[in-house]
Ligand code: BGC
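The chain below stands alone and is given as structure tokens, in the form predicted alone.
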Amino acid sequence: MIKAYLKKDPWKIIEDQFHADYSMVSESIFSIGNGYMGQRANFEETYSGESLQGSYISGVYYPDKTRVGWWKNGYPEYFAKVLNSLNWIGINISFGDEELDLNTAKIHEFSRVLNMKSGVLSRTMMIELASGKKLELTFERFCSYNTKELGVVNCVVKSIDYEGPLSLDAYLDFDVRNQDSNYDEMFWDLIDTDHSNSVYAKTKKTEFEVLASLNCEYKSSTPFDKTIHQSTAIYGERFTDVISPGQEKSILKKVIITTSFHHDNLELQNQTLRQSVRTKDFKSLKLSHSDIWEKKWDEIDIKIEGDVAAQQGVRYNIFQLHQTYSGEDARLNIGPKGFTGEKYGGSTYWDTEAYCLPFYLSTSDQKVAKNLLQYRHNHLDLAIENAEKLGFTQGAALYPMVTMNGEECHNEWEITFEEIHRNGAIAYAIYDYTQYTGDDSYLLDSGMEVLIGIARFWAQRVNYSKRLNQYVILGVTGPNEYENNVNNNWYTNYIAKWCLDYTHQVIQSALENNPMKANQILVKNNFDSERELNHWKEISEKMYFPYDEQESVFLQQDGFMDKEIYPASEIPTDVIPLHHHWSWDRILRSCFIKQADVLQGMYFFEDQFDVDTIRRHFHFYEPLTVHESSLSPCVHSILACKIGDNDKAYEMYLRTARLDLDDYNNDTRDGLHITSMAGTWLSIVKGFGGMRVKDGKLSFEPQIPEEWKSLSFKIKFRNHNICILFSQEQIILSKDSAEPLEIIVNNTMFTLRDQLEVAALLA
């Protein structure tokens, strides 16, 4: 059931009354971050209701031991998880002998607002304690984009009718656990520190060090006392005062968090940063942070006129993507939950290459996307080692399904061993980057080696079927995880064939255009050109694809038509989502699809299928799809645009855009779906905008929903910053670069010099 409790606003996420039943959903939705660290929207003060205290730091993880038996040879030794770090936002507030707790207080007014334009989370409320004391409180919080190691909280307390003692205890607390800790296990070793205003800890096993320091400023018009309390895990500053009706008291927390992952000398860095912000007030800190967001929005904003729900959704998803990943460090990647929860361990999946890379290609400096590719090249040796554990040889590379540092760390066999299509997404990302940027240098510097390792894996993973006289791939799980251990998953077979063809093409092109460099790479990788290329060609030409003659569709896998086929619309609504109500045995035997494999392949390789073929497959598979993968709706939206089904495109767009805001799949409480948020951008730009790269040129075939008056967005393309505006009547394209740019609109070539206006092309 959709939870439509948030107000619709183009620039803000607003909860205008407290919803205790949705407290953990709101904690996820109102999360903040800056690429370096992130914080769930926990309350600063004590809260005895349901909550997941969550603070996370990029690059800091723990390898939790996986215990498996002999029958799981090749299994990863651990499951990596991003660690819940210190609680840096805490401010316990007491009025006399009563502590503020929204779970027990009477709430007269409540408003929580995430301002996406400024990157600031605020909360205001008027409450009444059990004794009848009435008070107003305001909180503002942000993770600074100006100083990435800085977190800021400002709290203002105002009395309405209470006169008496007031206590505010601002603290740092490193006595934290992960939600999924076994037996309440703690993953941190606490360290005594000489710093009187700090807490210091080191992760077990990986030994990442984190030092956090607090600077507090308390403002009051009356005399107050300050006391300090400190233990190994906690440092706090308690301010005791008196307050009268109409009076305001405020406290400003400035917290510097440094880690050994990011800094060689974290103590020196911590001290330097503390000094740099020590004299800065809240207004100036917020202004310098918000200025960066203002400038970002000038480059990345998507504007939808006439549909506030759609506008809010896409801005929210863009906002969270940029809060999660900045692209400055090739050692980092994008976790499915970012900094908003602990599910999936915060590790990297194939989502990055399949969904996120195109977003960063078009909205950030080219080096950001290149760092995402470099992340995989840096882990090539570990991908080869991972394949060796499973019995592959001669440099075959199997990239992990889930990883922090290049090692496989997923602990479900049907995913770890069988969801091998992730290799294809990594190869496709290299193609996507090269096609979009026109930069071939990455192929010779790094990409060709990655492609060779991946192609060698596919060449060994196939089986030759004498019965079919074709190559088959047995025992796999495709993107549709509601079918496990199947034979000849169409998407897996297709992307394997494509990888072999593309790698062959890259090698041949490199030998023709840069033979010296190409031969160095081939020699380094012990590549037998004649034998391996011929074998790849044979596999490609004889790859088997299951097909149903009666329906004239490719099948998800060999046994798909043996199932009872009926539409998802006939599933009772009270058992949705299926994985919350049905056994896995029942799900696996059903025809229902978590994420359509065949349509995923046709989205990637649409130029290899005509529109009628795509339409036929869409109409066969979409009715069977329950979209319980967050990655599913965006692909359907893009393909619906391709086949001219505007109503379905709009329906699927809203589902991807508001997946978390409306909690479509009843799982937002566990954290946001960060990587699928890139799919919202894809739905706009590649779906309604129809943007493609054809023969090195940008191409647009726009069709915007009837609900929208206009759609506009900006992209970066080969040293051009381009602004695109579509309305129901016209198309306007402009750019800020001096060089002319050839551009295709609805299959007609134009030369864009500064601004181009094309009328009546949308009619």
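Being a predicted model, the structure only gives us computed values, none of them experimental. Start at 1 and count along the sequence shown; that's the residue number.
Form predicted together with the named molecule: not shown, discussed below.
Contact with the named molecule in the predicted complex, judged as any non-hydrogen atom within 4.5 angstroms, is confined among 374 to 382, 604 to 612, 483 to 491, 342 to 350 to 342 to 350. Taking non-hydrogen atoms only, C499 never approaches the named molecule to within 4.5 angstroms in the predicted complex. Contact between S629 and the named molecule in the predicted complex is found at the 4.5 Å heavy atom cutoff. The closest non-hydrogen atom of N423 lies beyond 4.5 Å of the named molecule in the predicted complex. Contact check for P336: a heavy atom falls within 4.5 Å of the named molecule in the predicted complex.
A heavy atom within 4.5 Å of the named molecule in the predicted complex is found for exactly one of Q556, T675, T656, T503: T675. Only one of the listed residues (R141, K642, K594, R456) places a non-hydrogen atom within 4.5 angstroms of the named molecule in the predicted complex, and that residue is K594. Along 90 to 110, not one residue places a heavy atom within 4.5 Å of the named molecule in the predicted complex.
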